[in-house]
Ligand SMILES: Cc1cc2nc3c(=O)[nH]c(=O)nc-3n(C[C@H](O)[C@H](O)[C@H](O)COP(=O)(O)OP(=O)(O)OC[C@H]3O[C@@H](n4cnc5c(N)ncnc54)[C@H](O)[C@@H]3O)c2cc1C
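Take a look at this one chain, the form predicted on its own, written out in structure tokens.
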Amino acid sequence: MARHAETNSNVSRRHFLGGTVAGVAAGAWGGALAGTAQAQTGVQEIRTDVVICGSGIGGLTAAVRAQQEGASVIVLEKAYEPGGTTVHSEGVVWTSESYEQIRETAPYGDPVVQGTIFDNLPRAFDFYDDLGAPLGAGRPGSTRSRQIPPVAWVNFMVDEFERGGGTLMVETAMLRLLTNRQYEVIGVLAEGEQGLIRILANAVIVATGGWAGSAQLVTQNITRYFGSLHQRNASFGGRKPLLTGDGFWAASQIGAAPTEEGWDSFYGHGMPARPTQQMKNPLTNYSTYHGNWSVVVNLRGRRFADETQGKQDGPPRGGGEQLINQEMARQPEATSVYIWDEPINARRACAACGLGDIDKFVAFKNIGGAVATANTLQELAKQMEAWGRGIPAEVVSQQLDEYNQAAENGKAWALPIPKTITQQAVPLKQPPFYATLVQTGITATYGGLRVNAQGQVLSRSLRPIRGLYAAGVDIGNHSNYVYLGNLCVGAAFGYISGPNAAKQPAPQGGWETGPLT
């Protein structure tokens, strides 16, 4: 097992080192091309049963499941190594313990998607166990939560896939879907180190990880401050291609239906506001998890949303720090200040609170982030003003005084901007006090493709597009504002889409591409 010099990744060397991959890919292409004429344009052409775009938990689960049905499978990955966002995740694959709880938590989510995940996630766990994949216990008493060691799990699944005769092509991006004259998906056009490749297949599964890195989609749907967002996990500190919505764009070009809801929300956590020194991986070491316990103000020094609830409607449903992180994305420069006291520091922002066992205040300070600590809130506010970001100390002090008075009287819910969940609406009274300048981190988007319970992508007329399936967060509206898990979408729909794609018959309209492609 080798460790990549730049990324500190443990993903097996043979899967991503350029020279080795070129040799593996060339050998695989040679076998696949036997008896197939190369196109006159110089574009190489390959035939397979199923092609999968993306090698995270959704793509790899679908790949092995399709192989078990006897299909020949090719997996494309545009990054230099397999694993997608899965390989950089915390590895908790979970959903709620009851379907009713899912609907209560995210009532505007797609009930078909939510129900399919709830029903099939335990079956996906059984599938991993049967394979012998590394899979740990989940939350105590949970039947729908398990823990994967991300790098080891990805390596195991890639090995399993390749032992079954599958071909993995890294640094190979899917450019578009191919369709014939009967509007059937018959493969993909991809681009790798050796040029353009037409891969003809009975079925295509898109599992490309969503559109968190698409400036156009993020700006249209979430915030105008796209350039200020941290691409958390997925870009691995800027050294990996961004998640630019490849699957969504490709499917949309041939008439796929977008989800009706979920476009203005996403999953992520706050991270150190720039400028800082380069963050070492994993980026979760620098992610905040205690914003809901803090008082959060923007660069104007004012609270802008309920730290415990964001701006969601209805009764309190919680959701953690990621809700205030979503609202922060719409504030100037997608930036805010988290302010907390010593009890919160000891219990919520300490080494026991996040992956990597790093005290968040110390972690931010060590990489040159803007931090402050003082024995009074007034002095803390002056230090914040001294950062030179335009934060007025007087306004901060007024906001903290107003908040503390309401919280001490148990009436934080009655503030002009309430803090609704009482147990998290605690007054900041015990020094030292802490403040960090935080910017929004975005991990995964919630809007995406509309699918049915078989994993088939639906057209805008809500009919299945023949030959096109999806897995992972290319599928939209599972989570809706409140986070319901990401890895579960890949696990459950990879489990479903893989065998269904493997059973897809050859296209009725033949292999000649039509006017859409």
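Since this is a predicted model, take the numbers as computed values, not measurements. Residue indices: 1-based, along the sequence shown.
What follows is about the form predicted together with the named molecule, which we do not show.
Within this chain, A207 lines the site of the named molecule in the predicted complex, having a heavy atom no more than 4.5 Å away. Contact annotation for G447: none of its heavy atoms lies within 4.5 Å of the named molecule in the predicted complex. Within this chain, W94 lines the site of the named molecule in the predicted complex, having a heavy atom no more than 4.5 Å away.
Taking non-hydrogen atoms only, L121 never approaches the named molecule to within 4.5 angstroms in the predicted complex.
In the predicted complex, no residue of the candidate spot (V73, I199 and G467) has a heavy atom lying within 4.5 Å of the named molecule. Between the options Q439, S214, S89, N298, the residue in contact with the named molecule in the predicted complex by a heavy atom within 4.5 angstroms is S89. The listed set N233, T179, S265, N292 contains one residue whose heavy atoms approach the named molecule in the predicted complex to within 4.5 Å, identified as N233. In summary, the region of this chain contacting the named molecule in the predicted complex, judged by heavy atoms within 4.5 Å and restricted to 418 to 426, 402 to 410, 75 to 83, 323 to 331, corresponds to 75 to 83. Contacts between stretch 148 to 175 and the named molecule, counted in the predicted complex as any heavy atom lying within 4.5 Å, involve T172, A173, M174, listed in sequence order.
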